[in-house]
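The form predicted alone is given below as one chain in structure tokens.
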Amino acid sequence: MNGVHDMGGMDGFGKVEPEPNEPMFHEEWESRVLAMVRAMGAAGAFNIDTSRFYRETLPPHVYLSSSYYKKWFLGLEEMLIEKGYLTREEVAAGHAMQPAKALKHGKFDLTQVERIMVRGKFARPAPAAAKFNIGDRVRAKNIHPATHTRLPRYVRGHVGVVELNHGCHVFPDSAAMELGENPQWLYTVVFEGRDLWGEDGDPTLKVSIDAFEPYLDPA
């Protein structure tokens, strides 16, 4: 979707200023949010792409004024409400007011924490031969989906060159909407900086993105 989260190539946000010696968490509640998202995902309440989509749907003023883990928290809250695991009344009251909705994978114990906290594997068998080879020139489609996509706005309509083939992976655009894994070939595509940013761009700059096959046409 074309939301404020897709900031690549946009002006007015200032430079990125990394925090020296940044801690893993700034407050204890951030670690709890991470644990809740991982646990509920592992229990089958949602997948990683669905959780990303809900964060992307936050109103722009909320998204831009929220810290990293506050975005995670707000997206999780809305997602669990819409999927029937919470009600807005329960959120306001701060406690459960009805029996909990059953989860697909039940409860976890301490022996499973490491598995839950490790990011999943998304490579899948290929349903068909790859359409593109390394060195092929491809054009990123000028698409504007209303749902989740991993194709950034700033490359849409531009021509790049396939540099790597990563094999087939779960297609985020389908998975986010819970329409199945729909495995697709995934490529690294390299774009010339001036093709993206114009003649004022740095002539030595190249930009690489990972792009799924449905995002690309032959150039």
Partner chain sequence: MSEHHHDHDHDHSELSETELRVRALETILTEKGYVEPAALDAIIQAYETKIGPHNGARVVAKAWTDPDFKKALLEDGSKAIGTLGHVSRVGDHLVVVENTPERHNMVVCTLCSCYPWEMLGLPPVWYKAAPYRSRAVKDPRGVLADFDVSLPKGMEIRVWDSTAETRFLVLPMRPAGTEGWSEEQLAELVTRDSMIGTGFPRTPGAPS
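This is a predicted model, so every value here is computed, not measured. Residue numbers count along the first chain shown, from 1.
Below, we turn to the form predicted together with the partner chain, even though it does not appear here.
Can you tell me if Leu110 lies within 4.5 angstroms of the partner chain in the predicted complex, counting non-hydrogen atoms only? Heavy-atom contact with the partner chain at 4.5 Å: present for Leu110.
- Task: Flag Glu181 as yes or no: does it have a non-hydrogen atom within 4.5 angstroms of any non-hydrogen atom of the partner chain in the predicted complex?
- Result: No, Glu181 sits far enough from the partner chain in the predicted complex that none of its heavy atoms falls within 4.5 Å.
- Message: Within 4.5 Å, heavy atoms only: does Trp72 come near the partner chain in the predicted complex?
- Response: The answer is yes: Trp72 has a heavy atom within 4.5 Å of the partner chain.
Just to confirm, Met7 within 4.5 Å of the partner chain in the predicted complex by heavy atoms?
-> So Met7 counts as contacting the partner chain.
Give a yes or no on whether every one of His61, Pro125 and Leu216 sits within 4.5 angstroms of the partner chain in the predicted complex by heavy atom. So, no: the whole triplet misses the partner chain.
### Message
Quick check on this chain: which one of Ala130, Ile134, Ile143, Val91 has a heavy atom within 4.5 Å of the partner chain in the predicted complex?
### Response
Residue within 4.5 Å of the partner: Val91.
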